[in-house]
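Listed next as structure tokens is one chain, alone, in the form predicted on its own.
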Amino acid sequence: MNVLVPLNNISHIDDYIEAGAKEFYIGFYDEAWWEKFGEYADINRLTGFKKDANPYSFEEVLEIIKQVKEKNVYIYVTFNASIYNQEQLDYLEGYMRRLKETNLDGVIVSCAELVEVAHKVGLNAVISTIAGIYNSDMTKFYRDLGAKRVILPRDLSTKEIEEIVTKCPDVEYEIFMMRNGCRFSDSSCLGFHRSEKPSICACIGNAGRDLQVKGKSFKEKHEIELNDIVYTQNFHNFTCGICSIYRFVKLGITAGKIVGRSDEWQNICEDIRLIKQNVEIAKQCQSEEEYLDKMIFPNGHEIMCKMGLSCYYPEIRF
């Protein structure tokens, strides 16, 4: 299982690779896109955060792809906004035609229309979680359209993932492994990811609250308030799937994804090493029980693991 990393700092590409990264994904910003389609039209899911999440222009990304491919690793470009109109789809085709001139490994897309565009220009398509691949029928639908890889939603259980992989083994699979979690399903959330008009989950987590508990006892009021604090401050605050690695290695999952295009490169490197080391441990183990005894835990696991609120796949340890 390869470690897939957000390429948010090209100056540290060698640090990522030395830590164990084999695959990268990258987004871009384009002033011409904003001028044509307006402030609230996204190229990818994090366009609203502008250069904080996508620090490079399209022209810079074209050059970055060439640099990355010289290092014998994989790189993908993101086109996974929640929605595009036909004019925008036509415009995106122009980006893809220029990307085809590089040695890009594929584009991460959010809808069937973009799979067809990618296929038309000769690029491999990777299906984003925005598409919501929750069963093998959906996987087969995108496979038959020409998709090379499917990114499975972060809210699937390992059992559900195993069922999909078993029923449709002839595509690559990518799963979430470290860092930024989400309270909701990507495919069902139409909230913007923006700093000035934040996503729905950010509104819930950051909004002030005054809980009104009518007619409840002291104990009930206490438990309701505690529950609110625990979930708003700890649920998927920093998310980890390290304990699932043994199952995913045995399933033949192609890549484990680190999320966090705006995170510090040192933290990304720490996560890369952690995943890489545990993949190697899993390969040597004869059972999941042996792996769980030998696995290397992430920093802060005392709270993360014991509460279970930061687990991508909590069913393994709980």
Partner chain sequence: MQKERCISVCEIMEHIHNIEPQFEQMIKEINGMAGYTKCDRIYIGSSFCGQYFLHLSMKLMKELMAVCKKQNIKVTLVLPIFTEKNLQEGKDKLERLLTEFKTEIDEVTVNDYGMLLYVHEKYPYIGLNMGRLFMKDYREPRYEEYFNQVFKPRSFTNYLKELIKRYKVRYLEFDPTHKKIDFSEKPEEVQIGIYTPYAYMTVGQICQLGGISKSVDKKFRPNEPCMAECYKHRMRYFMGDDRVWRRIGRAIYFENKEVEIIGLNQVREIYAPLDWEV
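So that the term is clear: the rigid core is the largest set of C-alpha atoms that superpose within 1.5 Å between two forms. Just so you know, these numbers come straight off a predicted model, no measurement behind them. Residue numbers count along the first chain shown, from 1.
If you look for the form predicted in complex with its partner chain, you will not find it shown, but the lines that follow are about it.
A.B. asks: Please state whether every one of the three residues Ala41, Ser188 and Gly191 places a non-hydrogen atom within 4.5 angstroms of its partner chain in the predicted complex.
C.D. replies: Per the other structure, all of Ala41, Ser188 and Gly191 touch its partner chain.
A.B. asks: Just to confirm the contact call: exactly one of 172-180, 238-246, 67-75, 106-114 touches its partner chain in the predicted complex at a 4.5 Å heavy atom cutoff, so which is it?
C.D. replies: Answer to the contact question: 106-114.
A.B. asks: Using the partner position in the predicted complex, report whether Asn85 sits within 4.5 Å of its partner chain, counting heavy atoms only.
C.D. replies: The answer is yes: Asn85 has a heavy atom within 4.5 Å of its partner chain.
A.B. asks: Residue-level contact is defined here as any heavy atom of the residue lying within 4.5 Å of its partner chain in the predicted complex; does Glu93 satisfy this criterion?
C.D. replies: Taking the distances in the predicted complex, the answer for Glu93 is no, it never comes within 4.5 Å of its partner chain.
A.B. asks: So, in the predicted complex, is Val121 in contact with its partner chain at a 4.5 angstroms heavy atom limit?
C.D. replies: Residue-level check for Val121: no, no contact with its partner chain.
A.B. asks: So in the predicted complex, is its partner chain close enough to Glu220 to count as touching (4.5 Å, heavy atoms)?
C.D. replies: Yes - in the predicted complex, heavy atoms of Glu220 and its partner chain come within 4.5 Å of each other.
A.B. asks: If you look in the predicted complex, which residues in 122-146 sit within 4.5 Å of its partner chain (heavy atoms)?
C.D. replies: Those in contact are Ile130, Ala131, Tyr134, Asn135, Ser136, Asp137, Met138, Phe141, Tyr142, Leu145.
A.B. asks: Can we say the CA of Glu220 moves by at least 2 Å between this form and the one not shown when the core is superposed?
C.D. replies: Yes; Glu220 is a residue whose C-alpha shifts (by 2 Å or more) between this form and the one not shown when the cores are overlaid.
A.B. asks: Using the core for the fit, does the CA position of Ile229 change by 2 Å or more between this form and the one not shown?
C.D. replies: It does, since the Ile229 C-alpha is displaced 2 Å or more between this form and the one not shown after the core fit.
A.B. asks: With a C-alpha distance change of 3 Å or more, do Leu211 and Phe184 lie closer or farther in the predicted complex?
C.D. replies: Compared with this form, Leu211 and Phe184 lie closer in the predicted complex.
A.B. asks: Might you say whether the CA atoms of Asn206 and Asn8 end up closer or farther apart in the predicted complex than in this form? Their distance differs by 3 Å or more.
C.D. replies: Compared with the shown chain, Asn206-Asn8 is farther in the predicted complex.
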